[in-house]
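Below you will find one chain, with nothing else, as structure tokens; this is the form predicted on its own, and questions on how it binds or moves follow later.
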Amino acid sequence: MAEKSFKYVIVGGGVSAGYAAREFAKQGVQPGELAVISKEAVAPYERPALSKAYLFPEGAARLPGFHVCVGSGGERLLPEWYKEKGIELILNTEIVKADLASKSLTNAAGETFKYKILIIATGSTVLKLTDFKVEGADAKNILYLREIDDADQLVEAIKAKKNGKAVVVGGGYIGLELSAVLKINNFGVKMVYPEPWCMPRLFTADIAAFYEGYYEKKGVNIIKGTVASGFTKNDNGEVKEVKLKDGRVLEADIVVVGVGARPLTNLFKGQVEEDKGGIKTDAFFKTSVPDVYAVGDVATFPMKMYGDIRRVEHVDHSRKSAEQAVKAIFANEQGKDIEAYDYLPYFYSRSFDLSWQFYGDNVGDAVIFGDHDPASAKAKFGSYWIKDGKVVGAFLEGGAPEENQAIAKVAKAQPPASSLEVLAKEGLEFASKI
């Protein structure tokens, strides 16, 4: 079969791949040296758009509007950009075998791609209810959201089941964002999750109470403390009902599932050191195998600020880790040094007319401040996390850009905090003094 050779290969076509390609161009990659191999049919795009503006009933986002790197205020990298830079964009190509010892990748058609330096940017895949053998989980209109093809299926289902009933399984990022967007599309929405409150990996009970109250006010019916245990289908094989473990049965025209994701590391199993579910890297995203780097969701890396190692699934880290790896590759070739990756954890979300940002670590004691009444016309509130007498994390709903920058500064600086009471009273004022 055919064989192609490149100096650099990025395997994966998500956010990390796009930002890495841009950094390669900035560093002066020569035409023909770099290939991006993606199983998707389109050039890298900003994935967060899929759970937000892509699904809006009016003024919906569509490609080429949100190709990388617009999400961070940069130039849009259209397919022509890759051609202009001499970067080979190999789409609709799934790599099924990786041999790191011989520096080769093989696709489903048996074609081989050789490389000198590899960047693994394979990202994550959604957990599916069929993986857990849930009864009836193979019904039509039980949908997931990861790639643009998934979003297109969801758009079609929303049109076909206009003003219908939707059940959202999961109370995390996807659950919250898609419940909001389905409601905006005039669906009756029920959101089901097993935890005592939504977004439990980040939100405290106080923060979650605001969002749950706000969503209920918008007409989203929240069902906590139970899970979907099965589904029934109609004569067309479409989902008809969601059976809950607590015995309740919910009617559904569409079911959207957001119960987590797993990093796509299977191609590299047994060939590279792993930790915490991801591929272990150093502060330059080098793996245990020479000339192999891993970035984004798949990388488990040293978190310099906290002196431990972590894996982070968020678009901000996908962008920044990709840039760091490419800078490290060129520095290495030129015999130069660059700074170790010093990442400040950052998460954000937008739904309805809400918008929150979080920086730092959500460990220790938490205190809430500001107006967090879901009935308020324009609620604005935040939270600080305090550990060992220092503020280690900060959250803000409804913040202006300068206020969001202030809480980021707090999380980075980790200033001492005299007491929870003082922080609750001072609120944003505390951040503005740092």
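The model shown is predicted, which means the values in this text are computed figures rather than measured ones. All residue numbers are counted from 1 along the displayed sequence.
Below, we refer to the form predicted together with dihydroflavine-adenine dinucleotide, which is not included among the displayed structures.
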* Non-hydrogen atom within 4.5 angstroms of dihydroflavine-adenine dinucleotide in the model of the complex for each of Asp138, Ile158 and Arg248 -> no
* **Ile184, Ala209, Val272, Ile95 - the one with a heavy atom within 4.5 Å of dihydroflavine-adenine dinucleotide in the model of the complex** => Ile95
* Asked: If you check Ala166, Val315, Ile329, Val242 against dihydroflavine-adenine dinucleotide in the model of the complex, which one has a heavy atom within 4.5 Å?
  -> Val315
* Asked: Would Glu147 show up as a contact with dihydroflavine-adenine dinucleotide in the model of the complex if we use heavy atoms at 4.5 Å?
  -> yes
* Asked: Quick one: does Ser383 come within 4.5 Å of dihydroflavine-adenine dinucleotide in the model of the complex, counting heavy atoms only?
  -> no
* To do: May I ask you to state whether Ala21 is within 4.5 Å of dihydroflavine-adenine dinucleotide in the model of the complex, using heavy atom distances?
  => no
* Considering only heavy atoms, tell me if Arg47 and dihydroflavine-adenine dinucleotide come within 4.5 Å of each other in the model of the complex. => yes
* Of the listed stretches (274-282, 234-242, 302-310, 121-129), which one has a non-hydrogen atom within 4.5 Å of dihydroflavine-adenine dinucleotide in the model of the complex? -> 121-129
* **Contact set, 28-47 vs dihydroflavine-adenine dinucleotide in the model of the complex - heavy atom within 4.5 angstroms** => Ile37, Ser38, Lys39, Glu40, Arg47
